[in-house]
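In structure tokens, the next block holds one chain alone, the form predicted alone.
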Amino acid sequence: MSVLAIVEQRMASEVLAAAQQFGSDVKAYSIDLPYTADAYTSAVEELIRKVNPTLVVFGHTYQTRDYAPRLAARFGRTLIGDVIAARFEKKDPPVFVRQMFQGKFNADVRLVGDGPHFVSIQAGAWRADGSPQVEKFSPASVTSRQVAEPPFREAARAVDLTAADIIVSVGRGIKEKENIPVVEALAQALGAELAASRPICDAGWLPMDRQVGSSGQTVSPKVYIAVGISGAIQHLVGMKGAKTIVAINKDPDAPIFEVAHYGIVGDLFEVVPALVEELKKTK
């Protein structure tokens, strides 16, 4: 399958990693043009007609959401947005998995008919490896009814969990706010960022910018340690891209163990302090 990757600076490596998984013939381009929805729709349409790919892959950014549906409509297609995974069945095109109804369940989407097809991938869903080789594309001529303005900026976060190599995340198993330092000690011993599932942040026990999940940050660290987290789907979609997942939970049937590479069935109030003590010995 021939794949065209349209990259923005903040998700360039992730988009290319996904594109390389989807097909063997991959071309990556950035658009050398001040952004407006009109201009980018026209420019990427020109690029698609030049390259003639089967699949066009974007990062699921504010910019993509602004213009990609209009672009797909020009080719009589829809945008398969916010894809979190892909499944491969024999030699058929990949089956894309995307969230529905704020992460309450997932939908499988199959490609039907000739390309080009259009897909955007969720930030953090694919592990970014290395610096991609990207070619700049300057369209022959572009007209726009809009005036380019500074790009949209998300509200500043006190912590960017997406940049962390190691994350220790705490869930409802911690029981009460006063017990948070038990898990915080493990994060400090590992030089990790402290994160949480939604109930912890909703309760105000940790700031909202520490939340991992479908309504929080999507992360893909080298190591993700889930402490007292049962593993609701809304949380799993935000962290299952981690290279190594370690789960600590007293319930052996907790869903978190289905995605964990290593699992410890036990009381976190016994397991976590023991881990901290062992880490102190190694240092």
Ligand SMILES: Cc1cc2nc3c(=O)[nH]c(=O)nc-3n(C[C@H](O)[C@H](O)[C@H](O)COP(=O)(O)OP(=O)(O)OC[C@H]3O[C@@H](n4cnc5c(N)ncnc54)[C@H](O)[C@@H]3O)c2cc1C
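Quick note: we count residues from 1 along the sequence shown, nothing fancier. In this text the structure is predicted, and so the values were computed from the model without any measurement.
FYI, the form predicted in complex with this ligand isn't displayed, but the following is about it.
A.B. asks: Looking at the partner-bound form in the predicted bound form, is residue 198 within 4.5 Å of this ligand by any heavy atom?
C.D. replies: Close contact exists here: in the predicted bound form, residue 198 approaches this ligand to within 4.5 Å, heavy atoms only.
A.B. asks: Classify residue 31 as contacting or not contacting this ligand in the predicted bound form by the rule of any non-hydrogen atom within 4.5 angstroms, answering yes or no.
C.D. replies: Looking in the predicted bound form, residue contacts with this ligand do not include residue 31, since no heavy atom lies within 4.5 Å.
A.B. asks: Even though the partner isn't displayed, in the predicted bound form is residue 124 close enough to this ligand, meaning a heavy atom within 4.5 Å?
C.D. replies: No, no contact at 4.5 Å.
A.B. asks: Looking in the predicted bound form, any heavy atom of residue 215 within 4.5 Å of this ligand?
C.D. replies: Flag for residue 215 set to yes.
A.B. asks: If contact means a heavy atom within 4.5 Å, which one of 234-242, 51-59, 38-46, 22-30 is the stretch that engages this ligand in the predicted bound form?
C.D. replies: Of the options, only 234-242 has residues within 4.5 Å of the partner.
A.B. asks: For the three residues 64, 70 and 261, which mark the spot I'm curious about, does each lie within 4.5 Å of this ligand in the predicted bound form through at least one heavy atom?
C.D. replies: So, no: the whole triplet misses this ligand.
A.B. asks: Under the 4.5 Å heavy atom criterion, name the residues of 165-186 that approach this ligand in the predicted bound form, in sequence order.
C.D. replies: Read in sequence order, the residues that approach this ligand (within 4.5 Å, in the predicted bound form) are 171, 172, 173, 175.
A.B. asks: Relative to the form shown here, do the C-alpha atoms of residue 216 and residue 81 sit closer together or farther apart in the predicted bound form, given a change of 3 Å or more?
C.D. replies: Farther, not closer.
A.B. asks: Since the CA distance of residue 217 and residue 82 differs by 3 Å or more in the predicted bound form, is it closer or farther than in the form displayed?
C.D. replies: Those two alpha carbons end up farther apart in the predicted bound form.
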